[in-house]
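Encoded as structure tokens, the following chain is the form predicted on its own, with no partner shown.
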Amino acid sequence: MGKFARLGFWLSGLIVLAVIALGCIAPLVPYEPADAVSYDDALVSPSLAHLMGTDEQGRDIAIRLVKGTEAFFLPGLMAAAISIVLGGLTGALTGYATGFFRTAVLGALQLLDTLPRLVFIILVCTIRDPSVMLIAFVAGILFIPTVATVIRRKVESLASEDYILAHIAHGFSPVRVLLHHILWLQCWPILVRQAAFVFGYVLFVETGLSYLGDYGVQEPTPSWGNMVAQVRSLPSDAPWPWLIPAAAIVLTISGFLAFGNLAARRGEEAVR
């Protein structure tokens, strides 16, 4: 890994750590939407009293930015866990198995992979009561084929390696070889990359739907998406109420994607 790649890895890692810290701190921060309104302090510029300024209702943007992480943090972790656990196990089994089971599972994965993710998420939200956890659950399920495919290809390439055949010859059970020696020791960089991608995708979908205001987080509950939506009503000389959360969205998604790719590269170099 080159010098700039290492720098990108550490910078993106700092973004990931900052988002994780905010996600852990946010539930502990007291916030009552009705009490946060103060029209006397509306559209105050960033200052020591309000580090990121206030919005058109006088609400502190910094506090709302922190509380807004609650809208995607746990849902993003849930979606990532669903996709890498189920996708990883499914990919490992289909890469190692043969016969009807492999054919049936691959067919089901291909069918699931044909569904357009964003359209299907919106469709599910129109059928059921929309919530961020529902969005995250559906997103996690829809990413199972993507994770399973890359894991299956990795397992297929490793199954004939000499050290894998040696483990089997020495009496190691196929389950242990598959789950520990292949999936855990060799495929973890792929799982890290996919988990970061799924987390970023959930953030993108949540903020997008919250911006539109139909299926995402509704005001007065803070979300980075509905904070950006204030651009429709704010005067042009007061951009900070929407510009700051917009920058946070871009930095977070970019940071997670970059960290996932660079961490996977470092991991792949380490396991060779």
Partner chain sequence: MNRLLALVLVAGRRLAGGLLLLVGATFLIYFTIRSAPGDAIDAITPMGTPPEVKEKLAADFGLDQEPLAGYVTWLGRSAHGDFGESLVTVTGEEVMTAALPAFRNTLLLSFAALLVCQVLATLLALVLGEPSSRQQVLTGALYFFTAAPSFVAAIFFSQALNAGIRHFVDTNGYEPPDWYPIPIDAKSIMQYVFAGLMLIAGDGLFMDMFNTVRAEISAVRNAQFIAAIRAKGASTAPHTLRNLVVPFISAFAARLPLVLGSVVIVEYFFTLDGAGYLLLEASKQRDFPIVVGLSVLFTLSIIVMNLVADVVRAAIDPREVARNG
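Residue numbers count along the first chain shown, from 1. Bear in mind that the values here come from a model prediction, so they are computed numbers and not experimental data.
Just so you know, the form predicted together with its partner chain exists too; it's not on screen, but the next bit is about it.
A.B. asks: Which one of 29, 49, 62, 231 is close to its partner chain in the predicted complex, taking close to mean a heavy atom within 4.5 Å?
C.D. replies: Partner contact (heavy atom, 4.5 Å) among the options: 231.
A.B. asks: Only one of 16, 263, 22, 253 gets a heavy atom within 4.5 Å of its partner chain in the predicted complex. Which one?
C.D. replies: Selected option: 253.
A.B. asks: With a cut-off of 4.5 Å between heavy atoms, is residue 103 one of the residues that contacts its partner chain in the predicted complex?
C.D. replies: No, residue 103 sits far enough from its partner chain in the predicted complex that none of its heavy atoms falls within 4.5 Å.
A.B. asks: Would residue 131 show up as a contact with its partner chain in the predicted complex if we use heavy atoms at 4.5 Å?
C.D. replies: Result no; residue 131 lies far from its partner chain in the predicted complex.
A.B. asks: In the predicted complex, does residue 137 have a heavy atom within 4.5 Å of its partner chain?
C.D. replies: The answer is no: residue 137 has no heavy atom within 4.5 Å of its partner chain.
A.B. asks: In the predicted complex, does residue 208 come within 4.5 Å of its partner chain, counting heavy atoms only?
C.D. replies: Yes - in the predicted complex, heavy atoms of residue 208 and its partner chain come within 4.5 Å of each other.
A.B. asks: Based on heavy atom distances of 4.5 Å or less, which listed stretch (212 to 220, 66 to 74, 30 to 38, 52 to 60) is in contact with its partner chain in the predicted complex?
C.D. replies: Flagged stretch: 212 to 220.
A.B. asks: Does any residue in 123 to 144 get within 4.5 Å of its partner chain in the predicted complex, counting heavy atoms only, and if so which ones?
C.D. replies: Those in contact are 123, 124, 126, 127, 128.
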